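Form predicted on its own, single chain, as C-alpha cells, below.
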C-alpha cells in the first residue's frame, strides 16, 4: 500500500509526574517530567496536492486553519527543506483539545514524520525535533519516540523502560488553556530538581494540578473520584486525569463504575511511539 494511502498514528501521552524547577530569563518554564505514550490517539492521512497548497480537510472548531498545528508543522518542514509539494491533511480527532494528552503536539509530530518520508526531505530525528520545538514544547517527545525522563522546557531526554501498565483516563468536560496555568501567580516554580537516574515510578506530583483544580473545579472532581483506585494524577496542564492499574480487567471494571456524568477510556502504556522505526 502506498504511504500516501495509510493512516499515520498520533498517540496520546501522559505525564507520570511534572515538576516546575525554575524559569528562564525569556519566561519559559524549566520542567522535569516523565512522558509515556498510550495506545490511543488521533490518526492522520496525507493527500498529495498538485497546487502546492497546505490545507486541512478537518478544521478544528475555533482554530483558524493557519494556526492549526498540523498545517504549521507541514509549513515549517517545507520552509526548512525547500520542499515545494502541497498536501491536504485529514485528521481523525479522538484526543480532546485542552486535555493535557498532547493531542495537538502529537498531530504536529506525526505530520513532520509522515511528510519527511512522503516528501523525501531526508531530515534526521534531531532535525525534526528542532523544528517541532518551535511549534510547541511537547512536540519533540513524539518525534523522539521513546518513554523518557525529560528536562529543560521538555526537550532533553533520558530514555527509560517501564513495566506494562493500563490506565483509566478521565476526560472532564473542560478545555484547560496551558498558558493560563503557567501564568498563574499561584504556580510553584521552585520544586527541587532531581537526577534522571534517581526517578522511580510513583515519585513526585504535578505542580500544575493545584492551579488547574482551583480554576477548573471539574478537574478536582474527577481527580477525587479517581483516587479511590490509587495515586491519581493530572496529565500536563490538564484537564485529563489518570490512574494506573496492573491489569486491564481492573481498569475496565473501574471504567464501568464511572458516574453517568463523567467520561473516560482505558489505554495501555507504550514505551515506543508506533512510528519510532520510521
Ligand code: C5P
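Numbering follows the first chain given and starts at 1. This one's a predicted model, so the numbers in the text were calculated from it and none came from an experiment.
Although not depicted, the form predicted in complex with the ligand is the subject of the following passage.
Undergrad: Wondering, does residue 182 line up within 4.5 Å of the ligand in the model of the complex on heavy atoms?
TA: Close contact exists here: in the model of the complex, residue 182 approaches the ligand to within 4.5 Å, heavy atoms only.
Undergrad: So in the model of the complex, does residue 86 come within 4.5 Å of the ligand, heavy atom to heavy atom?
TA: Contact check for residue 86: no, nothing within 4.5 Å of the ligand in the model of the complex.
Undergrad: Taking heavy atoms only, is residue 196 within 4.5 angstroms of the ligand in the model of the complex?
TA: Result no; residue 196 lies far from the ligand in the model of the complex.
Undergrad: Answer for residue 178 alone: is it within 4.5 Å of the ligand in the model of the complex, judged on heavy atom distances?
TA: Residue-level check for residue 178: yes, a contact with the ligand.
Undergrad: Just one of 204, 136, 98, 125 has a heavy atom within 4.5 angstroms of the ligand in the model of the complex, so which one?
TA: The residue from 204, 136, 98, 125 that makes the contact is 136.
Undergrad: Which of 71, 160, 153, 165 has a heavy atom within 4.5 Å of the ligand in the model of the complex?
TA: So the residue touching the ligand in the model of the complex, by this definition, is 153.
Undergrad: Using a 4.5 Å heavy atom cut-off, which stretch among 57-65, 242-250, 218-226, 28-36 contacts the ligand in the model of the complex?
TA: Selected range: 28-36.
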